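One chain follows as structure tokens, the form predicted on its own.
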């Protein structure tokens, strides 16, 4: 052919038909995939918030988990206040304690009750040398005409609340001993995260090592090691806790940590063993054996690094399980001791007054649910990002 049959294109207009992109490492590629998963990123944000809530939050609170103020017991996060002339505002709690509050909702003091007329449902309180009469019989009637209380002070009666305000002293309310619920939920997050991360470390150290040795050795050694795992896995967790309480003669955070540390690694061991059984026949492992590399180095340099994806996913998914287990054990009375604030302990304490003070149960329950959902969303996203069989672009 002659050159005249062709029209040469300027080099600036040329475009490659092959679409290329910058080369990424395994972990960079996994992060790129993870960022595309909206639920996983929501879970990551939720996990970060929970960690900040439990670790950093208590530093900014004016109370500790054990600080009590018996004047302000069972005060809800929001309540109705009644004006008493020009002298301030009052709030009648569910225990019929009259609390002096500011217009913004700050709890100032508990007024002294001087008289109780249980028949007519009228209680009298003393304030600045004057009597405050509170008529609450309408609160007990089905048809109260919209009037809940009648507060009389210096001859002036208030039949309707001035307004509803938020509790500025205890943002999430107080419990039956006058302790701040927000602070106690924060400390409960510390306990749950401590248990969860200790279980994770134990999984990483014991479970991975045990499973890798079992899978690499194979044969009789593998059978014996896996039967030990079956025996440990067959005993109920509550029985472990009771047995350890008898042996240690103590009930507290360390009992739960020791219990979870002694049994939670079995699932990780099974997972790693299955991964190692598939990897130990690979060429690079056979080559390492041929040149005389020790089994310890084969495990640490070749097998475990190539199973880190499933290991990370499994650890992320087991953290919410550990959180729930700790809350369950504390809920049934086998967890941390008072006055320590675990989410399970808070839920158990709130059961007695559930119908009257529902917020005391809702706050730790929502914290447990939020934590478990966040870790589950993150774990599901990590599984999609790290597992080659589940990758999609």
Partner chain sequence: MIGYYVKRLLSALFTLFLIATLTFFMMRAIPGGPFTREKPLPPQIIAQLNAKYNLDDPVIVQYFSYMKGIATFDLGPSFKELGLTVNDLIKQGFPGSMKVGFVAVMFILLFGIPLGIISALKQNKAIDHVVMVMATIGVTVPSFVVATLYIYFISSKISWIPITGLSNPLAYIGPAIALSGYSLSYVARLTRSSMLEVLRQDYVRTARANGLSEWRVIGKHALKNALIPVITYVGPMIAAILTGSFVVERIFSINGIGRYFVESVNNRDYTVIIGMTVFYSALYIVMVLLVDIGYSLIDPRIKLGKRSGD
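Residue numbers count along the first chain shown, from 1. Predicted model only: the values in this text are computed from it and were never measured.
Below, we turn to the form predicted in complex with its partner chain, even though it does not appear here.
Engineer: Check whether residue 290 has any heavy atom within 4.5 Å of a heavy atom of its partner chain in the predicted bound form, and answer yes or no.
Structural biologist: Residue 290: no, not in contact with its partner chain in the predicted bound form.
Engineer: Whether residue 234 contacts its partner chain in the predicted bound form should be assessed with a 4.5 Å heavy atom distance threshold; does it?
Structural biologist: Residue 234: yes, in contact with its partner chain in the predicted bound form.
Engineer: Classify residue 63 as contacting or not contacting its partner chain in the predicted bound form by the rule of any non-hydrogen atom within 4.5 angstroms, answering yes or no.
Structural biologist: Judged by the heavy-atom cut-off of 4.5 Å, residue 63 is well away from its partner chain in the predicted bound form.
Engineer: Taking its partner chain as it sits in the predicted bound form, is residue 246 in contact with it (heavy atom to heavy atom, 4.5 Å or less)?
Structural biologist: Although its partner chain is absent here, residue 246 would touch it in the predicted bound form, with heavy atoms inside 4.5 Å.
Engineer: Though its partner chain is not shown, can you say which of 50, 336, 347, 40 has a heavy atom within 4.5 Å of it in the predicted bound form?
Structural biologist: Selected residue: 347.
Engineer: Its partner chain isn't shown here, but in the predicted bound form which of 361, 340, 44, 34 has a heavy atom within 4.5 Å of it?
Structural biologist: Looking at the other structure, the residue within range turns out to be 361.
Engineer: So which stretch, 150 to 158, 186 to 194, 124 to 132, 226 to 234, is the one near its partner chain in the predicted bound form (non-hydrogen atoms, 4.5 Å)?
Structural biologist: Comparing against its partner chain in the predicted bound form, the contact stretch is 226 to 234.
Engineer: With the partner left out here, if you bring back its partner chain in the predicted bound form, are 324, 354 and 369 all within 4.5 Å of it by some heavy atom?
Structural biologist: So, yes: the whole triplet contacts its partner chain.
Engineer: Using a 4.5 Å heavy atom cutoff, which residues in 268 to 296 contact its partner chain in the predicted bound form? It's fine if the answer is none.
Structural biologist: Contacting residue: only 273.
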